[in-house]
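Alright, two takes on the same chain below, each alone as structure tokens: structure 1 and structure 2.
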Structure 1
């Protein structure tokens, strides 16, 4: 669906020559509109399959809140992930850091300090582990993929050691109530997501920190020559991702009223995929918070629709895979001209007199 729209746009844009809607910020807008289109399509499919449910306004409103609630924890993580990817890195350890932060925050010892102690612990552990990632990447000169992969394994191991492989139940009423409470009909978890995303947007688009992140991701050497402290900044990016993991750990602990070493399984892949279908370039230097949020919500809406239509999970994963591929294909078509794309794949021949590209 979005593929069709996107490709058509691409053709139209390039045929018509440079226009205002072809500039960078407009491109993000087009992409987000495409994702909104996907969401509408998912809604329409649901309405066709289960008209009994979708005709009930209260149910529909509540279902939207459910979709957003399920997008909340992974959404917070994706905000951090977006920063890391824009800055030219990758963080594979986010799921493991959520598990580690969550497990640490729910040990009997930590729970005895009350909700403030639990929240502080989760965030401190997340930031701490993020800083270790950052140190290894920025100063230890490890490739981000390797450093955070090592952290993924180590953090899950540490979480298993701390929890004794048990599921740790949170007995704290305040923590457990976070996921249940609503303010003006909006779940608190969704509000947390909106606040984190809002702060992330401001940080990325309205501060020097954001500009430096984009500059480093675009060309680290140029950024360094321009006087940016690339190492220090890179380290902060991973700490930021760790901070988001700590916040997400509390959100997930609250939802599940417990935590365990195997929690937040494959969140790293969900977060990376959401950022990418939201238009963040995996090579860095480009990306938006809003796009990433839409990416997360699309995945959450798919899971929800599959449950409502009673379709098996394996099909759901295949659809998610297909959406990632389509989104990246659109990205390719948009970032080069359509004719170049076609030529590269042997779909059209260059006109006589045009130098052949190799």
Structure 2
């Protein structure tokens, strides 16, 4: 048993420092464990609703792969969205950029260059549109909400003009096979998501780019005084989001073997919701890629459960909206606030050296 030597910020200290379960750095671990608990609860609900399906091990295994496959494209978009939100911005144009990138990549002219040409085109269109968003926000001083909302409308319109409001079929066998292939039983789309999430984790946690993103989101003025090029970095964040949209466009094109201007509708809602559920603060300066990944899986599991229960899409959208509101409300009740409340009402020990009121 370790002896307590004091109290810091309402947290009991011992010789080895704050107890790990009360350490603020463990908050992300607790949140992720909570999301795992939510997944287990969803599984239990599904077992109650459809015991005939959930008692079949093969069906459960295949259904898990379906959930992960459905979460793959939106997961890639969420990685880019997480960077933008941590940096203090928001990107409402991701769904439209996926549609524009997919439509541009599946034109007859682009398909004549083969799969490499289609992939390059989708990524180039996504990055280019993301750079425009970044320029408008960083150098045009437009509010991110307005700049990306304008891009949403413009990109949907351009995609409709390019496609003639028609569905463009992909005739490339390599692109179409991406969604069908598996490596060691794992769908290639899921592998792409894991690779993108892994690279995003390294970029956020192990590079100067990630530290600057957190610094800008926490306090842009302080970051500027510290010598960080805030405008240039902000522009790169939106370009990164566009890059993820380009990758997601190829993944969706492979799933549907086609693309259209109406593709990826409300993807911005899903990506923002997944990032918030995963612990990313809407005010910026804080968030994790792992948490966002769990958020995507939880959202996909909820959608899958609704489909199994035969609930209409309208109900799904209403529940998704409610989940976003609840997640934001929970963010406002931070651990420190709970600690202050408990201290104020005598439910925890005061700081060492704090005079006792009589």
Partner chain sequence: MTKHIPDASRRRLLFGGTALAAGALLTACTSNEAEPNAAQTKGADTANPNAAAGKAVTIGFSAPAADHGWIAAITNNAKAQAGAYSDVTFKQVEAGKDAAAQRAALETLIAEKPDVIVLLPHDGKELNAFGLKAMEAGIPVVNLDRAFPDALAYRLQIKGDNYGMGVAAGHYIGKALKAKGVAAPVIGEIAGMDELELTQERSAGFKAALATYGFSVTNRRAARFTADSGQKEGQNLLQALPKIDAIWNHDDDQGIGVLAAISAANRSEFFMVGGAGSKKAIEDIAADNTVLKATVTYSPSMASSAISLARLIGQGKGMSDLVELQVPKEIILASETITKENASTYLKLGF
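The term rigid core refers to the maximal set of C-alpha atoms that superpose within 1.5 Å between the two forms. Residue numbers count along the first chain shown, from 1. Note that this is a predicted model, so its numbers are computed, not measured.
The first of the two structures is the form predicted in complex with the partner chain. Once the cores line up, the CA of residue 301 ends up less than 2 angstroms apart between the two structures. Relative to the superposed rigid core, the position of the CA of residue 36 differs between the two structures by less than 2 Å. Once the rigid core is overlaid between the two structures, residue 323 counts among the residues whose Cα shifts by 2 Å or more. The Cα position of residue 57 changes by 2.4 Å between the two structures once both are aligned on the rigid core.
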